[in-house]
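Below sits a lone chain in structure tokens, taken as the form predicted on its own.
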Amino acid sequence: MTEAWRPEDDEPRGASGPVRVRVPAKINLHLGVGPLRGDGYHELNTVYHAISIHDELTARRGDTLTLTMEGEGTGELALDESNLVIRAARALASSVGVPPHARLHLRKQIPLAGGLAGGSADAAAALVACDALWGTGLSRDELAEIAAGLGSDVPFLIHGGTALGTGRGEAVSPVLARPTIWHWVVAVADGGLSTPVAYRELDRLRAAGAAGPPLGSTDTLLAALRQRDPRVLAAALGNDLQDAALALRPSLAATLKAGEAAGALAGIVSGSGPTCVFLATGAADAERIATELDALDVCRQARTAHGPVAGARIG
């Protein structure tokens, strides 16, 4: 027996109007890099932290899949099939069996290749936006499973907050601590650094005995977060990739020195660099440090941010 036709059967699922998603940048409060694995990745022990610098992706219905953009990286960032936004949309469409049709527009504030996971953030935004546009109804955990195939940082940016990352960084679990807002100064560098190049440089430095000892466990950092004292957290920050970033971009040493001279509690290279981040005692202190850094020729721009913030969200 054939089911009766219903009017809604001819109606497209999902949103009829545009879907806007904001997605944050991430920093690593602890980035412990283990040995190179057989699959070409390094084993990681990291604590991710989402901060209030955002990209925005808008998804509209379309007959094909297209991407346009404005802001940071316009004219530099490829908008073709190599772009993580396009790859994310296609991965979602393939997973749920819908046509990959959408008109996507990216407003970008997160610097390219800056160690802030801008590309991963945009992929996370595409998954959340297209899920809503197409009405696929996947949970955050289901979106994060798809995200893991796109890049190590993408699952975290689906969720946001502060989280422990293991494996190659794609296995994410939230850090349970009492809510605390941490205040940061983000020193954006001129140009970017390639993440694979930074990892290869770390391997080279370690082979030559020229890198510092590996950070290892995240226990000290996690304990510092629970104490809710910025001075305690400052003492626990660490990044195994910092030696590699400084070797590839020696000028970052001056940036780190200037931030600490301006009164930051601590400064580290963010991820694979070249962005540097500084922990401040509060919002006013962060504004003062950013103003001082902007007056010096040690970075392209100093911006304030706070965290943790939510991951990719509609609205």
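A residue's number is simply how far along the shown sequence it sits, counting from 1. Source: prediction; values computed, not measured.
Keep in mind that the form predicted together with a small molecule is missing from the display, and what follows is about it.
Participant: Taking 4.5 angstroms as the cut-off for heavy atoms, does residue 168 touch the small molecule in the predicted bound form?
Facilitator: Residue 168: contacts the small molecule in the predicted bound form.
Participant: With the partner left out here, check for me: in the predicted bound form, does some heavy atom of residue 195 sit within 4.5 Å of the small molecule?
Facilitator: Yes - in the predicted bound form, heavy atoms of residue 195 and the small molecule come within 4.5 Å of each other.
Participant: Under a 4.5 Å heavy atom criterion, is residue 151 part of the interface with the small molecule in the predicted bound form?
Facilitator: Although the small molecule is absent here, residue 151 would touch it in the predicted bound form, with heavy atoms inside 4.5 Å.
Participant: With the cut-off set at 4.5 Å between non-hydrogen atoms, does residue 249 touch the small molecule in the predicted bound form?
Facilitator: Answer no; every heavy atom of residue 249 is more than 4.5 Å from the small molecule in the predicted bound form.
Participant: Specify the contacting stretch among 59 to 67, 280 to 288, 261 to 269, 33 to 41, defined as having any heavy atom within 4.5 Å of the small molecule in the predicted bound form.
Facilitator: Partner-contacting stretch among the options: 33 to 41.
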